[in-house]
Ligand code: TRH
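Next up: just one chain, as structure tokens, the form predicted on its own.
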């Protein structure tokens, strides 16, 4: 796209880091790789600043890494001119006055609703469909991220997998991740990154590791699963730089890091527990075994989303080679301590085969058009 093209991305934070993380990655990739002038409007700048430390949490208008970031508080300031493309992340809604200004342009912006990522089959038929505004001469286009060529794809920066592979060939880089968290794991330890929502199954999983036969080193971001860690540790939740050791488990709480450093954390781990959307996708690019916790929803709707992904993932291997991911994934997503602890030994035994599947899945997914590239092409054809 020509450099004069301007995009606005709107994001209202529901999942503290997932929504902000996806919007920020998309904005940076559009600016870095496509030369687009991007403004990210976000209601919770402080949440974004936790994973983008170059931003000021209290600043209403600022720029970093080629992206303008503005606080979204009610309506946009008077006189704000709509750009060429508007991305409404996760159906967050646009301010009424802004929409009215879009409709007044001789050529209205391309308006894209970026939906949540899903592996459910129905999204392929819904991806890219238009929806006329009920009152104004505007059309919304629905972009469904997914895992097939008929979907909107997932975010993947240029050179990501090559950077991952180079990182893995550098032992000092891997050690640096653990040293930064205050750990120097036993060479025989299973290294785990644990990023989850509040989950009653956390203490049972930690007990399984502490009472197991192998050493386990685990990093948890500061503030994550705080109540469960408090209960498990008897109020002695470790502080950054001061790991807690219990049985075979060494548990370190580490500060939040920017997205690049978080990728490194996933690349350095043998097993990644991830949540929501952003870290879920990054775990897939890491090519290591992972366990996903979907964003909890009423009536256990998140279990259907999780099941759809497991079905698609396991469907990528021959019938006789299914790995039985469901017991641990279901126990974890249901917050079931007994089921989670019971499923762990079998999952651990199958991790070498799961790692092979994870790498094959990442290679196959990388052959598809990434989300940002596909979205740019889509919008180019409608400008």
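Numbering follows the first chain given and starts at 1. Bear in mind the structure is a predicted one, so any value in this text is a computation, not a measurement.
One more form of this protein exists, namely the form predicted in complex with the named molecule; it is left out here, but the text below deals with it.
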Spot the stretch among 176-184, 158-166, 256-264, 77-85 with residues whose non-hydrogen atoms come within 4.5 Å of the named molecule in the predicted bound form.
256-264
Please tell me which of 287, 276, 146, 238 lies within 4.5 Å of the named molecule in the predicted bound form, judged by heavy atoms.
276
Just one of 209, 195, 232, 111 has a heavy atom within 4.5 angstroms of the named molecule in the predicted bound form, so which one?
195
Going by a heavy atom distance of 4.5 Å, is residue 14 a contact of the named molecule in the predicted bound form?
yes
Looking in the predicted bound form, any heavy atom of residue 295 within 4.5 Å of the named molecule?
yes
Any non-hydrogen atom of residue 18 within 4.5 angstroms of the named molecule in the predicted bound form:
yes
In the predicted bound form, residue 354 touching the named molecule (heavy atom, 4.5 Å)
no
For the stretch 50-65, which residues lie within 4.5 Å of the named molecule in the predicted bound form by non-hydrogen atom distance?
51
